[in-house]
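Only one chain is given next, in structure tokens, and it is the form predicted on its own.
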Amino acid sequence: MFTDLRVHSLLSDGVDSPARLREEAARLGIALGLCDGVVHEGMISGVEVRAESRRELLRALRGVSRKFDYVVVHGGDAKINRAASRDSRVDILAHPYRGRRDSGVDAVIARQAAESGVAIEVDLGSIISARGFARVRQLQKVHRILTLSRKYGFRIVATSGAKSRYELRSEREAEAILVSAGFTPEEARRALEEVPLRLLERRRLAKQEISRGVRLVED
């Protein structure tokens, strides 16, 4: 099942209630995480951290990794992309190419993301909403990230970036978009299914860790 980890409700940047988003996700046959910075009872709850500088990012990351099921960093700025990709408290670097001519990911960021376990996001919404040559450019950026992932081994996670129920996508739609960007069907399914679950499991284990290398084990 496609687990969409960057969806916003009206409690952050979105326009629909968590209940409406959950209903639409059920209709589409997908799971979702609400990236509102709010702990939603009975739902996967994440936070999207926005920062203007590396220092501000580091300050914002303190504590949030233990509060939420996953942590996303709002990417695009070169310094933020680089800082987020090397911080293991970050689960997802979102849209590193936002507002950029390039993909926002270079060899340094690729190596850092692979070593720290940070997944690089492919925002399906940014592809769908682009038109003409702008869409070609978006697909080129995504393909560049895919090429670097194949070389350096960092994970790619695909999300809808949805801010309303109408922007949510079924797994079939999402897979078709990724394949059009050069993903194999297997790579697409990994970005939609396997990677999101691995990120959530990694965060769950990290929240149990009471000191470096020591985890709290419940009976």
Partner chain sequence: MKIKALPPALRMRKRYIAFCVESDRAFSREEVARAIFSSALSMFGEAGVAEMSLTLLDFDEGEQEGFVVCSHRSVAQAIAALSLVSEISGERVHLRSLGTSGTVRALRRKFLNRRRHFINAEGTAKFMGKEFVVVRERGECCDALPRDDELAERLKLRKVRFIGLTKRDLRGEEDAADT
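The structure presented is a predicted model; accordingly, all values stated were derived computationally and were not measured. Residue numbers count along the first chain shown, from 1.
Beyond the structure shown, there is the form predicted together with its partner chain, which is absent from this document and is the topic of what follows.
Contact with its partner chain in the model of the complex, judged by any heavy atom within 4.5 Å, is made by just one of Glu193, Glu187, Glu173, Glu48: Glu173. Screening Arg144, His74, Arg86, Arg135 for any heavy atom within 4.5 Å of its partner chain in the model of the complex leaves a single hit, Arg135.
Although the partner is absent from this view, Ile128 contacts its partner chain in the model of the complex, with a non-hydrogen atom inside 4.5 angstroms.
At a distance threshold of 4.5 angstroms between non-hydrogen atoms, Ala19 is in contact with its partner chain in the model of the complex. In the model of the complex, Arg62 stays away from its partner chain, with no heavy atom inside 4.5 Å. When its partner chain is considered in the model of the complex, Leu168 lines it closely, a heavy atom lying within 4.5 Å.
Contact with its partner chain in the model of the complex holds for all three of Val15, His40 and Lys163, each having a heavy atom within 4.5 Å. With the partner omitted here, the stretch from 120 to 128, 144 to 152, 105 to 113, 87 to 95 that lies within 4.5 Å of its partner chain by heavy atoms in the model of the complex is 120 to 128. Within 4.5 angstroms of its partner chain in the model of the complex, the stretch 178 to 193 places a non-hydrogen atom from Ser180 alone.
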